[in-house]
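Only one chain comes next, encoded as structure tokens, the form predicted alone.
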């Protein structure tokens, strides 16, 4: 069999460019913000050696607005399949170092492909969001691409778990998809979710508002209820994903994975006799009841900040 060394060299070059993301300067800028790159995030979340990528060399075909000179293998999205603690998942990570993680038609094709397979296979879908929104250079094509994604979010709802981790901006069109998913995890200092930014708000209403006040972590964890969990770091967010998946079945037709019990099912807790006040008008914390009924240290609370805000008015 004859091999063309030129073609092999070109292929290796494209693979190297795909691994380099948006270039060392942009990678350094990402790290300076305290953020990992898309591939670093996948390596931290997935079991070692399990990631199988699709569309690693795909690029857009847009030539308008100088886009002919802005082609990156992968087109700003890393997508594929892997395992988390032995469980198969479909996963994608937006790459902010490539055109600000802006959403393109190519990105949509890659995401929709793994979501279609996830639905057919009955496996969870994990999204690592870090995007400034639609790629405006693609015009209506980018908006139509969002429509394909939203359709699959709805079709997957109630069929397989969908988990979104907000690891940077989730702005404009980029915010609708995670809001349609089952669970949203945000990270302090780096996560923001909003439909339109502070500059537009200033122009339209004259109101000065910060990114934090408009769509920061506490806004969505303690007021709007859009987010369900709040992490102090990306690594903690990944641990929350792993813990959350351990409670969920892979799809709506299967049971959750069975685990060996570590707490005596016949354990008695005398405190339950006294935790509920005798007076009907006296409040008590239901978490104290739940913690004593379920297996020790097993209660995984969703939206704890939202619940606390609703109770105390903080």
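Small disclaimer: the values here were computed from a predicted structure and weren't measured. Positions refer to the first chain, counted from 1.
The same protein also exists as the form predicted in complex with a small molecule; that form is not shown, yet it is the one meant from here on.
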Quiz item: Quick check: do 51, 188 and 247 each get a heavy atom within 4.5 Å of the small molecule in the model of the complex?
Solution: no
Quiz item: Exactly one stretch in 83 to 91, 201 to 209, 96 to 104, 158 to 166 has heavy atoms within 4.5 Å of the small molecule in the model of the complex; which is it?
Solution: 96 to 104
Exercise. Indicate whether the small molecule has at least one heavy atom within 4.5 Å of a heavy atom of residue 238 in the model of the complex.
Key: no
Quiz prompt | Exercise: residue 136 in contact with the small molecule in the model of the complex, heavy atom 4.5 Å | solution = yes
Self-check item: in the model of the complex, residue 183 touching the small molecule (heavy atom, 4.5 Å)
Solution: no
Quiz item: Counting only non-hydrogen atoms and a 4.5 angstroms cut-off, does residue 74 reach the small molecule in the model of the complex?
Solution: no
Practice problem: State the residue from 171, 229, 111, 78 whose non-hydrogen atoms include one within 4.5 Å of the small molecule in the model of the complex. | Solution: 171
Quiz item: Of these, 222, 143, 119, 179, which has a heavy atom no more than 4.5 Å from the small molecule in the model of the complex?
Solution: 143
